[in-house]
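What follows is a pair of forms of the same protein chain, given separately as structure tokens and numbered structure 1 and structure 2.
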Structure 1
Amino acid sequence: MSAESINPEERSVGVLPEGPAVKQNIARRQLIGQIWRGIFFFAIVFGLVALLTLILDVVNDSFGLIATQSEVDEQEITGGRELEDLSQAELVAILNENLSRRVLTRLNREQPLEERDAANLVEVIETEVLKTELVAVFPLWESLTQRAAIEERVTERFPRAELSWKAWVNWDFITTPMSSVAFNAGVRTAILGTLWVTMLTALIAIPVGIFAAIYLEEYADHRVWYNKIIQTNINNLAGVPSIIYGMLGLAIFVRVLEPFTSGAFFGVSSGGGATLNGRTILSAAFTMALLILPVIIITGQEAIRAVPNSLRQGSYGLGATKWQTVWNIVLPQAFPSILTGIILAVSRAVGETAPLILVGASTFIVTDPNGPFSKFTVLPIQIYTWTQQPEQEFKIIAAAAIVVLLIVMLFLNATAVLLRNYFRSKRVSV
């Protein structure tokens, strides 16, 4: 449009508005902008507060005051002294005095009293003579802030009860097996189960995942139909809910391949931890491996894709074959990123619960797993089972088990970061 055709009225539209109204308008818009900025920021604060609350909630439940009550007064049997101060001989004397002949015979059959050490004897006195029982538990925050009220309530309801501090996460908790009494229960079996399942899962999934990623990035021609299908399929598998993998594991590994996963095929007989059915560590590991494979493949592909082509061409130029190039040039370059993906996938396997419910983790088991054909339980299953119990003290040990699980995962992730940094520093810079 030529300049002449613009009439004067239209031209006046181009004049910038001025005056207080405009300034007001700008100030208003900027104020609204600031307010919304605050709202957006609040969303992040909300997320972080949720994370903090979750951690504090778990910690709050796993430490605190407990009230214990004994059938017999400690002072009465020790003559006013502390149990821990007594010598081994005195402890044996107390046991001989207070226990019936039958109980004594049983204890002596397990291990003669005279041969036991003082710590063990104190334990025996506590369970057999004093019959110490947990009567109430209090979370950390309440224990710290309302100590007086707790003391009052406890003395009112349980006059002979004793209040003491207890850290539910402790060495005993980690090293004792499961028990039907929350006070004595530990996560030893679950930790060992988690280690077994995770290690086997990693052993199966890592090589297969990396090889598949290499195939898809270095070898596959993506114009060919079957390679397209493989790629689409892996992307879709990554979105399948974990419980569906559990159903696959139940139908295939637990049932169809039972002779193989139960160990019967390999001549494993019953006894020890063996079950002679398919609900074994091996089935769990295969299921978990299938579950984390897509994650390993996809992150592996991204890592391999990020290796510059010039390195490959340099290697070919020196006469290396395809595999020599992949093995000696591409993989070492991509390794730090591949490792990150692997650790993410493995820590997912550590925390995953739903598939193992289907594959049939045991909910109550006290024997250590001793091989791929044992029945098993894992930490998340233990947490699930304990959280379901109506009694407060089981919720508390569930919290303690969560602390253990989170520490295991933190440890895994920290290792990943360290390893990644180590391999990154060794990598050729391009």
Structure 2
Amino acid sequence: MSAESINPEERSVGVLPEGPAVKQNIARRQLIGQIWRGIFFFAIVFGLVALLTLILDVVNDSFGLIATQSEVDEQEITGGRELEDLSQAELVAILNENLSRRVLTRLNREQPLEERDAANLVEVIETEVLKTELVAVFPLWESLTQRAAIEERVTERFPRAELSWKAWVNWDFITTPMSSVAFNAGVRTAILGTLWVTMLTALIAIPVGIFAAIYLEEYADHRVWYNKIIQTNINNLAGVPSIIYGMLGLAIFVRVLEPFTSGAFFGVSSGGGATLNGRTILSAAFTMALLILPVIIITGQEAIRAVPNSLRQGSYGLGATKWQTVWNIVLPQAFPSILTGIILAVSRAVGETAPLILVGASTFIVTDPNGPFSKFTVLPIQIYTWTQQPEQEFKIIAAAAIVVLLIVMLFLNATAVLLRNYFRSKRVSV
């Protein structure tokens, strides 16, 4: 049967619509396109609303009115003067006159009173002598819209209390170590611990991840069975729950490699914030490096694979070796995209909690870390610990700590983005 004998109406494939059918087809496609466009727009709006809700909720808890009252009248111990107007010597004299020997010994052990500045001494007097306590806290929105009702309520329940504005996110909060009293607690130790862990994690994971990606993409023969196994396991490890990495870190870095991660192998003593067990910053850094390595390797492979093969061939044609081509041509072209993966990986490391709890991060610590063998805590763990406390004040400072964590993450990500843009502007134009 010839092709010409086939009835055109019987052909179901390759027939173009004609006349009104063309307009109907175009209208249907435009309708489908508009529907998908609406779905995409809704997804963006939903994400922005969720993010805005989170930010507003955190900010609402981080500022507002507070009510404080003291057991001892300030005027009685200062002779009618304000604490802020007294000299450092006068503040020390007040503490020596009004505190017991046991409390003075404890304070001098932490830091001699004569070596403290006036602001710190005023804080100690308010806590130890005046015994100033926080009796009520109010969120920002309630403080702005119901000020009169709040004043009436505070006057009725706490006649001696003073009502004042409080910005929980302030310089004192950032530079003050932890405390069992929410009003005096800060996040300095947690910030330093976060920076130490993040810095060491990046130093370990970034070079290893990039070199592994280069090997797998440029040198490995994927026809060999062990290279296939390596690639498959890397892809699978990217989806392993973080708690598994915490168990691995506990078993290997904290226990098996304890002489190395505790610093005993290097002769490090237990003074100055160091610890003689494996629950150190170094163990945490190795654990978090294992956690983010698969992400760095996979994104690095994709970036290297995206480099046009013509650049490699041109380099070989000019007599360059394999390594010279990789180092001078492929890596500069791929590095901006590799940095994108590094940003995502390090951001995940900054926000992780479960692995660090398993490797021994402290929930309460007042000693700043001063090296890789120090005991430590990080901001996510501090936030988690404060949210578990029954007092409302701890939930307020947890919200303030969330703001600090977001600022730290934005700072780290902004630094990485600037580096990525710098390398992107320097790479060879394709």
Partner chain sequence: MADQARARAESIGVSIPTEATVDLSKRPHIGETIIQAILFICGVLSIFTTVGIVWVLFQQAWLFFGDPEVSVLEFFTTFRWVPEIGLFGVWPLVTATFMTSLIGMLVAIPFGLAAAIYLSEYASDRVRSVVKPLLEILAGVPTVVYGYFALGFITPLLRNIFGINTVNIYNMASAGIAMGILILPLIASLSEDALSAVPQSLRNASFGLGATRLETAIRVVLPAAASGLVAAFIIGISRAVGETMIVALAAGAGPNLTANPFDSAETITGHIARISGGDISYGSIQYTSIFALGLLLFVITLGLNILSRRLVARFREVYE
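Superpose the two forms; the largest set of C-alphas matching within 1.5 Å is the rigid core. Numbering for residues begins at 1 and runs along the sequence of structure 1. Source: prediction; values computed, not measured.
Of the two forms shown, structure 2 is the one predicted on its own, while structure 1 is not. After superposing the rigid core, the C-alpha of G371 moves by less than 2 Å between the two structures. Remark: with the core as the superposition reference, the CA shift of M199 between the two structures stays below 2 Å. Here P241 does not count as shifted, since its C-alpha moves by less than 2 Å between the two structures after the core is aligned. For Q24, the Cα deviation between the two structures after core superposition amounts to 14.9 Å. With the core fitted, the CA of A416 sits 2.9 Å away from its counterpart between the two structures.
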